[in-house]
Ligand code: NDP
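What follows is a single chain, given as structure tokens, in the form predicted alone.
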């Protein structure tokens, strides 16, 4: 049975402001995760195509930088408005390509991307150096664009990530060559079209689709100054190794195994809501997810009862149905990986309280659906408690006191995010101070306003996205010393 397949024409590369065929004529299929059917064929960029994108970017970037921040900001603001104008279409495209429920995508994907473009549009004219007198004269600093930047996206938030990477880069006067994840290549091309419609000069935003080879052509390219990746830890290490050859700057937003700590005085309904957002939103395919939920032993039973009752009501099904809470996982391979983790959780002694099986949705028999799973009776050394699963699998753990739970929460190679639920203001800030994570939420989870720096510690990444901090990763700082006297040479 065919549902919502939205068959489309072949999609090409976007280089120099227009659609361009891949130099070697190669294509790959992009699949609908809900049906397993091919949505369309997508051109695969070779190293030669990356060269062409670099040439287009190099031609356009100096003029873009010279245009001035206010003019660049106006174009980014127009692009933000176009995203809002096309919200329904873009939201549907993200649901179709990535399997995300249509109830999520207008706000979490399109709205988030538009907010980001709008924020950096407003910041684009605010670049400023500093002046300081020193003995014999003064110096001033000037922030300058890096030139050509590469962005490599992930498949869980394709449009949002394309905006998070391109908005600060473009606002600062750079050009960007963006490679979307091969599993979700559609929305970056639509963003490129809307940038073009907003008046972005040709060559300032290019899209080259492909696999790891295309990514390597970007990370190894001698004329690309900086690489920003959202992806897995292993990919991040490979990108950093490649970037080292040319001493490229890197921003890496990688994985996590983040803790949510629920103290005995927490509002349990809010804490359960946060745990569900932090494990089941976007089918659990979010890097910051709170997949280790530590609940104080005195309230664990009450917490679990509320969690199970609310999770049991979640509807798994067609992502384009507005009643659906949980859509399909991104691919058949990823679904199998998640199911394997669930099996391993059982084998190592975990007690599956709810869910965890593959769901056969009527009319979508080939879809990659997995019911949200909740595990109990775990210890901290079990595989599902140590490794990032990237699926709707929640590990429920109990604790007795603050020192113990902090030690356990921090006992991981990751350090992306964390959360704490308590009514005790001193404890809230104390725990936030002591969590070894780049982002901590107090009495909420997974909110990422663009004004707030986003990025992790340890193996969860390097650098920050969003906020004015992002500009530090898309500019270089030049220092100019100005003498106000004669040169006193000793010879």
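Since the model is a prediction, treat every value here as computed from it, not as a measurement. Numbering follows the first chain given and starts at 1.
Beyond the structure shown, there is the form predicted together with this ligand, which is absent from this document and is the topic of what follows.
- With this ligand omitted here, the record of contacts in the model of the complex names 175-183 of 142-150, 395-403, 175-183, 335-343, defined by a heavy atom within 4.5 Å.
- Proximity to this ligand in the model of the complex, defined as a heavy atom within 4.5 Å, holds among 73, 215, 278, 317 only for 215.
- Comment: this ligand is not present in this chain, but in the model of the complex one of 230, 166, 368, 291 has a heavy atom within 4.5 Å of it, namely 230.
- For a residue to qualify, one of its non-hydrogen atoms must sit within 4.5 Å of this ligand in the model of the complex; none of 356, 372 and 417 qualifies.
- Among residues of the shown chain, residue 454 is one whose heavy atoms approach this ligand to within 4.5 Å in the model of the complex.
- At a distance threshold of 4.5 angstroms between non-hydrogen atoms, residue 235 is in contact with this ligand in the model of the complex.
- Mapping the unseen interface onto this chain, residue 131 falls outside it, with no heavy atom inside 4.5 Å of this ligand in the model of the complex.
- Although the partner is absent here, residue 121 lies well away from this ligand in the model of the complex, with no heavy atom inside 4.5 Å.
- Taking a 4.5 Å heavy atom cutoff to this ligand in the model of the complex, the contacting residues in 386-419 are 388, 390, 416.
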